[in-house]
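Each of the two blocks below gives one form of the same protein chain as structure tokens; they are labelled structure 1 and structure 2.
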Structure 1
Amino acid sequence: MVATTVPPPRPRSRMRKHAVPYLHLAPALLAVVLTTVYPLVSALITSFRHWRLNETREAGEFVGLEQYQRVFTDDTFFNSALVTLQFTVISVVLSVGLGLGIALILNNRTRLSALTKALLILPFAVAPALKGFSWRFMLNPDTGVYDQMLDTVLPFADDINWLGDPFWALMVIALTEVWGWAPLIALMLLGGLNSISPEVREAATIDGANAWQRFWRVTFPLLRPLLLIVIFLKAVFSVKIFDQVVTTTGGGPGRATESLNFFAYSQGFTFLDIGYASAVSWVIVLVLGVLATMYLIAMAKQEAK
């Protein structure tokens, strides 16, 4: 053979062939396994053991599925599951609906729209815990600036004690989420709207479709895979809601805003029942696991296109 500057490939074993990428991956993999897989497995084991931190320092005896049975007979757990479900539906509908509205309004090339688009990411960058405090301040039923604006527009709003009312308290927490997410979702959807070629819509216009028909027959179907991804993503983050519950209501009034994460937190951190809290947290892992699988499937479908 003619001599080349590149050495000919040597035959290698399967493992050695892939040694280079594995070596590159090792540090990150180690960090991720130690900080996600280890705690997940540890929590799973603990969920089968009796362990109250106020009684013993070390984990106690194995009690089998006892703590899972307790989860599914615990009214306060079901309450938090229901609260989380309501919260997820409210915040997904409002965030995605408003996000789509914002995207459609800003889907043009005027200077005002360009400026608005540039500022859309700001709310998302605000710490969620702070969002809770900020909205709690603005909706203070006596002095809050939003409260006073609403009282002027809607006379009946004058009587509402936003965080003292079970329904409105959950709505306020949802609004803190919507404030951050709707603009971000609008940005994602604007990306999708941009990839719809203007010819498609022009063709529809020439065929006599009005704006309403153009949206439902052309834009919406093309946007649907993206909308699906956004809905799942928002749902997953809504199920994980925690920060704003702590900083607005602390779960109240009563247990009206106790989300699943908050419930697990109060069992583990406040009541120091680590075993039970671990069982609750694994129930949350499973719920999110289902959502995550659906999300990954939706994403794979989008990628395939």
Structure 2
Amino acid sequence: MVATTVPPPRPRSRMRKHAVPYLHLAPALLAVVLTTVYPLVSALITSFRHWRLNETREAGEFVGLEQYQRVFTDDTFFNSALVTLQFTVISVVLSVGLGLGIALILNNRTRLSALTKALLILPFAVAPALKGFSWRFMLNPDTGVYDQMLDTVLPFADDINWLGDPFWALMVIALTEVWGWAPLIALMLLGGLNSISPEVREAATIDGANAWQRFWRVTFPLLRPLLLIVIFLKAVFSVKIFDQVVTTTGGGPGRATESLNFFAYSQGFTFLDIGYASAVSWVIVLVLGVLATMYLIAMAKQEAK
């Protein structure tokens, strides 16, 4: 038999082979460019120009950093930043705390564990705007189911106007977020608990550790990296809060629940100051960028272990 040699592939065929994955990604990349990159760049350019829709339909003169100087001297901006910070702290603490508690309970396997885990994802699947509408109607002082239940169980709550009091209005919005996020966080932490070797807990039990000591000295340290990732992830989504504010309180009473996103929205679409709204939006983008970077660093450290 005569030996035959296979000719090496041509350079063009190699180039085509390497280009195939990018061609498959092209539609998704195009969608990202059109829906994310272009609006960000456009908002950045607009933030350096004076543009009020009630004066002109086109962007006006270049004003440099004037819009950003206005942002950091605007009391209403700092109010919305404080509201967002308060909401973030409340929602993160309650969501992670309740999620951890639910995960510890479900870690003890029973016949209903599988069904319970499947049901836990349902609250997170509900659209944020729908959560806001639902809670607003259920806390209605005249016909709300939640309001009547709370008035029956807690008689002193009869005089509370849940959406009319600044403190309770912010708490209600935070609870709409906790209702959806706590079950999801429970599922995430449950995966972390299942990755902990049972032998570690058994060794602690043999050494005489009680349930609290096993959790605090064994389970919690092993779960801490995952908890850090969950906290950063929840913080990012909390800073972005918008839908529930619109559908539950509309930023009220007064400005008690006006988040950063809602403040930017109102500046652009209520007061028609597009240039200032763009500057506020980019400040929010920078804040989210810092949180996202911290989240990615935490993820990288977790994967490196």
Partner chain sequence: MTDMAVKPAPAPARSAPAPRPRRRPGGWAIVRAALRVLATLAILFFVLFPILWMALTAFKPARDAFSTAVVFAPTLDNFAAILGGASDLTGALVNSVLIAVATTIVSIPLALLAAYAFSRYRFPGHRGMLLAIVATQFIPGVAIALPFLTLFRSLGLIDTHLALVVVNLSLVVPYITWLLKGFVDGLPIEIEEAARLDGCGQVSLLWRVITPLAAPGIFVAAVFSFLLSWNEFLFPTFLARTDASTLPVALMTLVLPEGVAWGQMAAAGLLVMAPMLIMALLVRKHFAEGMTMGAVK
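The structure presented is a predicted model; accordingly, all values stated were derived computationally and were not measured. Heads up, when I say rigid core I mean the largest set of C-alphas that superpose within 1.5 Å between the two forms. FYI, numbering is relative to structure 1, first residue = 1.
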item	value
Which of the two shown is the form predicted alone	2
C-alpha of residue 23 moved at least 2 Å between structure 1 and structure 2 on rigid core	yes
